[in-house]
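First, one chain by itself in structure tokens, the form predicted alone.
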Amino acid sequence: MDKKLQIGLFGFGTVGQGIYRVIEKAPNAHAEIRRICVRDITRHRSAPARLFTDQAADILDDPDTDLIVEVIDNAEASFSIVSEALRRGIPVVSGNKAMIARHLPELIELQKLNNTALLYDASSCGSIPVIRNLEEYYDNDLLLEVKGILNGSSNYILSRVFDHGESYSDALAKAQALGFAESDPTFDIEGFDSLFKLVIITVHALGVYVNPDQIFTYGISTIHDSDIRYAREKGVKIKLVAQVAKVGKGKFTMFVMPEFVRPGKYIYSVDDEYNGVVIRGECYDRQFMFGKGAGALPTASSILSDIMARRHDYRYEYKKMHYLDRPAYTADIDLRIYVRYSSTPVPDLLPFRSIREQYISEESCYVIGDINLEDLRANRDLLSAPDVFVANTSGFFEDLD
């Protein structure tokens, strides 16, 4: 392809501006931004005014548009744009993990029906090429587990708490000031960002799509000084961890929750806004990928990689989704968890299989016990109480990790 790739860009927030800057710095991409669609064209922006439009049709109807790059923050609007582009046979690069995780089966079908491609490496782990590695290098039955820190915002907050002695509220405020966390940080600190990334990763790791609503997800918003003190006394750090793992013949499980991580584990030293992903397999043990998972330029660099891949007609083949013996998702496993509480009578309300340790004081109490993952999911409302915090102790996966 001799002519420059003509890109229609949807969204010009932090990531959109990063893409504009990165493409200008990458002459070998041989690409240029043809039009940019935004909600408000009256705002002053760091790009020529002639590029901007508030009409999606100005990009979608343009016969010279070679590629759509979509980085808006509204999942519903994102799906509308991406699905329409695919129906028209226009390839798309997207970074919207919520939209992709909710609609991936439909998006895969649209790619097939219209002989076009959707690439989304930027949707998972920023600058780390997790998806393409899972798709191309780990395209066999040997892969056993993918586990890691998938959200840079929550990891930055926890790093400030454990490595710099800051309070949770101060660390959150600093993350917001630096642009690592939004003014409403719910998406990051409640684990949803990690959840959506995990759903996408699982499709490429094991060839199975699991609806996000079926997966136990728990964040760090209720972490308390007593939890931090407990972790320090035990010589561990608390990290928000997402993982998918085979757990027996023909079965796998997946969840997102805080975890007590011991020194010596790969993700123990993944700090600040960085992400870290451990891939474990039967014959190659563990392999570790590390990189920035938050910020405009790391995400834009991943978008650029997908743009370059499209110049060579690259597309995901979803090979594992065509395997005959794909594993089935299960939540019927036991985890050993730590639950801190004060007024909520957790030991009486949660159906623990066994209790290993219990501590009671006027300030706060905790219990460590074995419980079925499905029971955790069924009691999600109880665990959402402001005086409750849950963390995985890694008991179930100790032999695996």
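Throughout, we count residues from 1 along the sequence that is shown. This one's a predicted model, so the numbers in the text were calculated from it and none came from an experiment.
Keep in mind that the form predicted together with another copy of the chain is not shown, yet the notes after this line are about it.
4.5 angstroms heavy atom contact with another copy of the chain in the predicted bound form for residue 76: Close contact is absent here: in the predicted bound form, residue 76 is far from another copy of the chain, nothing within 4.5 Å, heavy atoms only.
Going by a heavy atom distance of 4.5 Å, is residue 290 a contact of another copy of the chain in the predicted bound form? Flag for residue 290 set to yes.
Looking in the predicted bound form, any heavy atom of residue 302 within 4.5 Å of another copy of the chain? The answer is yes: residue 302 has a heavy atom within 4.5 Å of another copy of the chain.
Non-hydrogen atom contact residue 286 with another copy of the chain in the predicted bound form at 4.5 angstroms: Yes, residue 286 is a contact residue.
Please name which of the stretches 151-159, 318-326, 253-261, 188-196 has residues with heavy atoms lying within 4.5 Å of another copy of the chain in the predicted bound form. Within 4.5 Å of the partner lies stretch 318-326.
Going by heavy atom distances of 4.5 angstroms or less, which of 349, 26, 47, 41 would be at the interface with another copy of the chain in the predicted bound form? It is 26 that has a heavy atom within 4.5 Å of the partner.
Consider the chain as shown here, without its partner, and state which of 282, 170, 84, 225 has a heavy atom within 4.5 Å of another copy of the chain in the predicted bound form. Contact with another copy of the chain in the predicted bound form is made by 282 alone.
Across 186-215, which residues bring a heavy atom to within 4.5 Å of another copy of the chain in the predicted bound form? Sequence-ordered list is empty.
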